[in-house]
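One chain comes next, on its own, written out as structure tokens in the form predicted alone.
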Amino acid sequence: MTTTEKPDLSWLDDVTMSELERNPYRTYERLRAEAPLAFVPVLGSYVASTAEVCREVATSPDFEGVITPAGGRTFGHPAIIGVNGDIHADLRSMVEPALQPVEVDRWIDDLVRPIARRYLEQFENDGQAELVSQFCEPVSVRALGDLLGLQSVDSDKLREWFAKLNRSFTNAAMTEDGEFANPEGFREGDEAKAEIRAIVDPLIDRWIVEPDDSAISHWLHDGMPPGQTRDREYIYPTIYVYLLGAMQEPGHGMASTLVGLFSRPEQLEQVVDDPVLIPRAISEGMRWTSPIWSATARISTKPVTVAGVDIPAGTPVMLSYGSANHDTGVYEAPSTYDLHRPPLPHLAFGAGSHACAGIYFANHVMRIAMEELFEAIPNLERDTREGVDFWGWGFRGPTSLHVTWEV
């Protein structure tokens, strides 16, 4: 093939959603090599797959935030991840104050450490556990649930909500006519949203007249004229965003980090012996298997050329940050977990004006939980009688992680 010839991308016609959900890496490795920006028929969208192109699109003034079709169907409008201009600025000003480092530092230890201890106490004397369902996900959802003001919702229900919203959000397969290939795939998400509203509506009624220090109460009141609150219909799409993306990210990031460490026993031992290494271990885990793998998008605001591809105005581009974090042009042996990899920046939390607002919060939830885990069970080992399966294309993490230890 000469430099002027376009690559033959007909193989993309055979890519399926089940293939992407089971293991997206093979497809995206080929995309990075052959077409860093390409139209993927099953997704009905252009896809950016390298670190350079993802960062270029995410930060370019010629693109702005947009939600994927399945994401829009799941969350509704205005979701913070899919709006721009004044609405985006208002929603960011609504959520960001509680997530600023100086604010998080004030309460994060008192919030997360007791939660982690409480879950550890349930199994630390058993000699075995399944960490995704017994520790990683419960700590993640409980920490954010309590921050939001959802103490009355048990952790299993929060986990059920994010699982249902996840399956709805990633029901992304499209027909040639631009219709959803599986409209029934949104039913679970609709059921979850109905349950969420049934529980949260009465809380909002109370917060409107009796504000407290919960995040959703602040979302209603902060920055509003005296006697006024933001309309609940305005904030619900962002509540759904939090109950999916923000709920799952620390739990799945933590679980992936542990799987990575188990693959390098000598590095696991180093982290257990020196907890100062935990943030570095987490950063590599987030790069190695990014929890938000391919769930964000941008839309071109004018005709633009990216990676040699001419894109008309109004063209959505999905940003596959999980693929970007395996870019061999940036990382040596990217499919290998390596605690001692040179500390290069990764894209697990996105880039540009729509980068994750909760980076600091998420990193500290993971850090504190892993500190408590290794303090309670320093001789943790993966149960090799059980496999470890990862699942997900939009959001990705291990479905289970069985461990053993001597009591």
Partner chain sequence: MGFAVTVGGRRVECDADQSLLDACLRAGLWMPNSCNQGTCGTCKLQVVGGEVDHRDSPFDTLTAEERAAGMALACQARPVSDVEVGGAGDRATHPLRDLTATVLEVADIARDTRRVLLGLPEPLAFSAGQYVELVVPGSGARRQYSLANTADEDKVLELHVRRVPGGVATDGWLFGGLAVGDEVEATGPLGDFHLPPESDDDGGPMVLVGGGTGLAPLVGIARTALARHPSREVLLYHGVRGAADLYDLDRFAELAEEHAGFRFVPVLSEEPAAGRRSGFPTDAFVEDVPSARGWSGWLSGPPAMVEAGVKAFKRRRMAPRHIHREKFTPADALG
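These numbers come from a predicted model, not from an experiment. Positions refer to the first chain, counted from 1.
This protein has a second form, the form predicted in complex with the partner chain, left out of what is shown; the following refers to that one.
Though the partner chain is absent from this view, in the predicted complex it lies within 4.5 Å of a heavy atom of just one residue from Asp86, Asp273, Asp310, Asp212, which is Asp273. Contact with the partner chain in the predicted complex, defined as a heavy atom within 4.5 Å, holds for exactly one of Leu43, Val53, Val66, Ile377, namely Ile377.
When contacts are judged by a 4.5 Å heavy atom cut-off, Asn125 counts as touching the partner chain in the predicted complex. Using a 4.5 Å cutoff between non-hydrogen atoms, Glu96 does not count as a contact of the partner chain in the predicted complex. Using a 4.5 Å cutoff between non-hydrogen atoms, Asp109 does not count as a contact of the partner chain in the predicted complex. Residue contact check for Glu269: one or more of its heavy atoms lie within 4.5 Å of the partner chain in the predicted complex.
Checking 368-376, 347-355, 26-34, 57-65 against the partner chain in the predicted complex, the stretch whose residues place heavy atoms within 4.5 Å of it is 368-376.
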